[in-house]
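Quick heads-up: it's one chain on its own, the form predicted alone, in structure tokens.
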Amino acid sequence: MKKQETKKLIKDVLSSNRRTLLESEAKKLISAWGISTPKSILIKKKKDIKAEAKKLTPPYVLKVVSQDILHKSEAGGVVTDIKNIKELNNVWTKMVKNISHKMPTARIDSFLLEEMSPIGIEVIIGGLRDPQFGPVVMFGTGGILVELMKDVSYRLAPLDKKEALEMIREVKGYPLLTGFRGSKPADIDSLSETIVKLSEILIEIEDIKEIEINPLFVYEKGVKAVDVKAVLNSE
């Protein structure tokens, strides 16, 4: 997807009376700005698993795609480290059963099958449109620790790479990125570029109220946006 096509994506979502992008849509959006996401494919029917899964390299991650399910993990809608197509079939069946039990009224649009990303250093980057200050970008310690640690820094958008680097250095978890206890340093250059790209998305697409990449895996070389959420303005 190209940058100019993202505005049509947003328009289509709004015209369908939705205010939250599906994960597949949110990943298309950030990919248009060159933010790396796992290789993936959408599958609607179980009978298509074998043909579609062959296009990806295992291990797989299977995620439910539903406008009614905001927290996929809590609904049993995410399974990682699926090693082969036989296991994938079993996971699909079990996932549908779990969701129908926990959220019987949830509509399942499709399933997102992804190549499982190697574990990297988990960070979070996000943005919101503040009524007073306008677009604001956030960076911090990612994964499940973000709510516990609240280790974050903020800047007004738009921002440049120098400001992004300052944000990264401000958080307490910064040493994890620099080679903590003998580990290899992470690609802080790519991370700062990704923060700038998120800032550009906020500026360019005014319909975005909130956007969050959590976790963003940071590697020795490059980054990968594993999970993405985006909420649109209600007006």
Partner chain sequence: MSRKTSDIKFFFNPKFIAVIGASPAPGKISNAILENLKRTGFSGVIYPVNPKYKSINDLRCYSSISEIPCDIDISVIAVPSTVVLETLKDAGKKVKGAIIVSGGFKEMGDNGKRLEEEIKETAEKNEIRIMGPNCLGIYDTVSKLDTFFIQADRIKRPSNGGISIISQSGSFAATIMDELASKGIGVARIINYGNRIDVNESDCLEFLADDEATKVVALYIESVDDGRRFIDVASECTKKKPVVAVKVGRRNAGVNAARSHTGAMTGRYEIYRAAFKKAGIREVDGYEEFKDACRILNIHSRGKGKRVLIITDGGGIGVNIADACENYGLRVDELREVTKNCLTSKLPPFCSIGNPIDLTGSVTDEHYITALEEGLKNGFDIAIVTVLWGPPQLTERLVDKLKEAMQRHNTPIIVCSPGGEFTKRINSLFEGKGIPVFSTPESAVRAAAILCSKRI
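Everything numeric here is computed off the predicted structure, so don't read it as measured data. Residue numbers count along the first chain shown, from 1.
Absent from the display: the form predicted in complex with the partner chain. The rest refers to it.
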| item | value |
| --- | --- |
| Contact flag, Leu70 vs the partner chain in the model of the complex, heavy atom cut 4.5 Å | yes |
| 4.5 Å heavy atom contact, Asp81 and the partner chain in the model of the complex | no |
| Pro131 within 4.5 Å of the partner chain in the model of the complex, heavy atoms | yes |
| Non-hydrogen atom contact Gly120 with the partner chain in the model of the complex at 4.5 angstroms | no |
| Candidate from Glu87, Glu115, Asp109, Glu163 lying within 4.5 Å of the partner chain in the model of the complex - any heavy atom | Glu163 |
| Option from 54 to 62, 26 to 34, 186 to 194, 165 to 173 whose residues, in the model of the complex, bring a heavy atom within 4.5 Å of the partner chain | 165 to 173 |
| Joint contact, Gly127, Met138 and Asn214 to the partner chain in the model of the complex, by non-hydrogen atom at 4.5 Å | yes |
